[in-house]
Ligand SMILES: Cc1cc2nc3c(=O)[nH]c(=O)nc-3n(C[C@H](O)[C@H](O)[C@H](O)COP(=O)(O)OP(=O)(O)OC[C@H]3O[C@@H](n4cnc5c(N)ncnc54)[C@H](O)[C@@H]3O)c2cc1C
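Just one chain follows, in the form predicted on its own, and it is written as structure tokens.
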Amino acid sequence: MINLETPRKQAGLIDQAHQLAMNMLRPISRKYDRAEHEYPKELDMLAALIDGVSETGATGGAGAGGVRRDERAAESTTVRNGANMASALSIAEMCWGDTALLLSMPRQGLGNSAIASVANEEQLERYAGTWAAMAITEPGTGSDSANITTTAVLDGDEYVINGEKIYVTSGDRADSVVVWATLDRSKGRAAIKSFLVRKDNPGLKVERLEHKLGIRASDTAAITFTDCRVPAEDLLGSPEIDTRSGFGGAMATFDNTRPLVAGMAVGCARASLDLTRDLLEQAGVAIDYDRPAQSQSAAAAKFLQLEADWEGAKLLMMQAAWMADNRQPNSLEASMAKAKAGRVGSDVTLSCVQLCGTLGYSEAELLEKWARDSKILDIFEGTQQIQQLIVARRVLGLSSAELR
């Protein structure tokens, strides 16, 4: 039976994440927003602390335990709240401190989620400790990952990769990159595989770092691959092209990362709500949870509506993470959580800027920064429109060819 209360065994970990966000991330948030592309050295100490916690088995890091489709909850009657739930809730707390700094955490890259979801057992052990960025988006493909043009051609015991990837989070700082490429474009989605490419691999080149609206402390890179040779053993999972499974391996990665991105949006929005409540109270605007919204001031009524939307986003995020922990297929729920949280995150942070007027719009407070940061959470890992399309396909039982 699903229980969406914060698991008691994870309460200590989540409280630690909140304390770290409040005492380490929040104080340096503005500094690294202004110093775009400068590496936050303070994170090295934080990464060492997280490594220590991970060794205790309390959490699996940002990559969590993965959504491994070869395991089924039916094999066990035990209901558990594991690494995915712990990661999602901890990420929400860390993004309450600063989303960009969370994305800059060493060894906690989005590529680690791909490894957790798709890699075989030998690869999971071999890649332990790596910091992996994830390279999906290409010029001209947008959010349609099925249109990937980067190729991987088998040559002896190596794959030769050619192509270009853009908007790679931690693409410059990470020590490896999980690259999505097609083995055979004529085979469609089923031929798209993930490869772990090390940054010192000849043929990989970081072309530039992007200047962005938000998450400025996080480096976002454009990377080219020119006859980049990768050992065949670094293809994540099975090299077989199974047209019946389609885009399964790639989707397993998204089923893992989308609840985490939803958690980021939930955390950033919560930060805005907490500060806005305090600022409204200082301005004499009382928010009464025991009275109907329509009998309160317009500002208070708007705030209550924002909190209700936020609560819905959090519950959807927790449901998707819970299903991943219990090895239940969660593609629908992962997209619902990402769509809801991405939209709510942008709506909440921008509305908080408006509610707080000049204080919200100026750099006197972090509200304007959170509004800038939150927008990316509605875009990467699949835009709002892509998520709604996926949800529609799942609900109506239609394929991607039937509903575009």
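Note that the coordinates shown come from a computational prediction; the quantities given were computed from them, not determined experimentally. Numbers for residues come from their place in the sequence shown, where the first is 1.
Form predicted together with the named molecule: not shown, discussed below.
For the residues 46, 379, 28, 359, the 4.5 Å heavy atom test against the named molecule in the predicted bound form is passed only by 379. For the options 230, 119, 83, 168, the residue carrying a heavy atom within 4.5 angstroms of the named molecule in the predicted bound form is 168.
For the chain shown alone, residue 16 is not a contact residue for the named molecule in the predicted bound form, no non-hydrogen atom being within 4.5 angstroms. In the predicted bound form, the named molecule lies within 4.5 Å of some heavy atom of residue 404.
With a 4.5 Å cutoff on heavy atoms, residue 150 does not count as touching the named molecule in the predicted bound form; it lies far away. The shortest heavy atom separation between residue 212 and the named molecule in the predicted bound form is within 4.5 Å. For the marked spot (134, 142 and 220), a heavy atom within 4.5 Å of the named molecule in the predicted bound form is present in each of the three residues.
Residues within 4.5 angstroms of the named molecule in the predicted bound form, judged by any non-hydrogen atom, belong to 168-176 and to none of the other stretches in 329-337, 284-292, 168-176, 315-323.
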